[in-house]
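Here you get one chain, nothing else, as structure tokens; it is the form predicted alone.
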Amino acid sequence: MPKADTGQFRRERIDRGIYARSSDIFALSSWREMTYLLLPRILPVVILLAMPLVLELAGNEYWAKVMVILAIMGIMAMSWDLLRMAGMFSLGQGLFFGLGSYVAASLNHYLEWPIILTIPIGAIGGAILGTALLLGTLKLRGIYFAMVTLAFPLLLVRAIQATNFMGGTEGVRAASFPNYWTIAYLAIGALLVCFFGLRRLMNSDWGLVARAIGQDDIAVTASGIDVTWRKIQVLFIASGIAAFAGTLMTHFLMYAGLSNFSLEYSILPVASVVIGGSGNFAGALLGSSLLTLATESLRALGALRIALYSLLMVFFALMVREGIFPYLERRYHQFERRVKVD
């Protein structure tokens, strides 16, 4: 005889069994499980791609332009997270950002090269210059490396002011993009390429070695791997990504000047990773998005935005040490449902 319905229920994790089946063999048993796994991955990408279109059609030009800045700052934050994974705590992302912007603006203004050339050449040129400047500092670790990277953009600003190089305090003018859609989807497309590309890179054998260097470079050296050469590779990639962000900002604002080396471009990536979480690039992207939206909403505060970064970093360092994204990811996989007991 069939068992009587007792009407009793128990609670179980929604993802119970999904991870065991999908972690290695990628086997799913239902569309509900596929939705559970794919929705948090696909939805942010869809929103990111749709927001410029929605805001522009709604006639909100200011926030439509903020979306471009959001994408550029997300690229900057991921470049910093890449350096941090390899054990290079930088406080000078503004150095790479400013170098890329100046190279692109100079090629466009003085040589009249088109944007389609100045952006990639500016990114590569910024990477070469940034790597060359920091090449002698790769033996440094921790606070010592951070102090050197913080000093370089300050020195360049003073040198440009003193020599009146590249327009001095007036800066260099640059051409703009043909229209809003070009810069918006170029920036968002570059953001997505950097995100998925860096995640794939850091999950490869090359990335595993880079992560190991960040954890214990002495052990990696003992295994016979040239740590300095691997750090040079990481530095070149990270500086090139940050320089690429600088080229986008230059042609978006049609200007490259001393403000491109400002402390804000060095502090924001650090604050983004502290707030969003480190180690998977999604946290850096989430943190930079929240900071960009918050600071643009509070633009009337002016220089006090740096104080806002500092307060948020202190708050999340004390209250949510893992960062927002790891916290949300952990809570998402802890959702439970009621299951009827047979």
Partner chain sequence: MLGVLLFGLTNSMGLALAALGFSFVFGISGIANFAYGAFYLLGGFITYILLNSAGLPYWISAVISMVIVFFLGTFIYKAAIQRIRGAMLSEVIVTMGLGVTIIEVLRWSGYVKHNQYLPSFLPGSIMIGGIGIEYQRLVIVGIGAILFFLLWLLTRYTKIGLALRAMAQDELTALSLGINNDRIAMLAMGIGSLLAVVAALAIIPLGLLNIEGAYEILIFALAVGVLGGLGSTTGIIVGAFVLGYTQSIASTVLGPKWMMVVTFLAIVLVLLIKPSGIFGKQKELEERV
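Numbering follows the first chain given and starts at 1. All values derive from a computational prediction rather than experimental measurement. Throughout, rigid core stands for the largest set of C-alpha atoms superposing within 1.5 Å between the two forms.
Beyond the structure shown, there is the form predicted in complex with the partner chain, which is absent from this document and is the topic of what follows.
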**Q.** The unique member of A317, L293, L37, V45 whose heavy atoms fall within 4.5 Å of the partner chain in the predicted bound form
**A.** A317
Q) Of V193, I116, L111, A162, which residue is found within 4.5 angstroms of the partner chain in the predicted bound form when only non-hydrogen atoms are counted? A) A162
Q. For the chain shown here without its partner, which stretch in 117-125, 69-77, 267-275, 170-178 has non-hydrogen atoms within 4.5 angstroms of the partner chain in the predicted bound form?
A. 267-275
Q. Would the partner chain be touched by all three of G136, L140 and L263 in the predicted bound form, meaning a heavy atom each within 4.5 Å?
A. yes
**Q.** Proximity of R321 to the partner chain in the predicted bound form, heavy atoms at 4.5 Å
**A.** yes
Q) Can you check whether Y144 is within 4.5 Å of the partner chain in the predicted bound form, heavy atom basis? A) yes
Q) Given that the partner is absent here, does L311 sit within 4.5 Å of the partner chain in the predicted bound form, heavy atoms only? A) yes
Q) Is V227 close enough to the partner chain in the predicted bound form to count, meaning some heavy atom within 4.5 Å? A) yes
Q | Contact set, 141-156 vs the partner chain in the predicted bound form - heavy atom within 4.5 angstroms | A | R141, G142, I143, Y144, A146, M147, V148, L150, A151, F152, L154, L155, L156
Q) Does the distance between the two CA positions of I324 reach 2 Å or more between this form and the one not shown, the core being superposed? A) no
Q. Quick one: once the rigid core is lined up, does F315 have its C-alpha move by 2 Å or more between this form and the one not shown?
A. yes
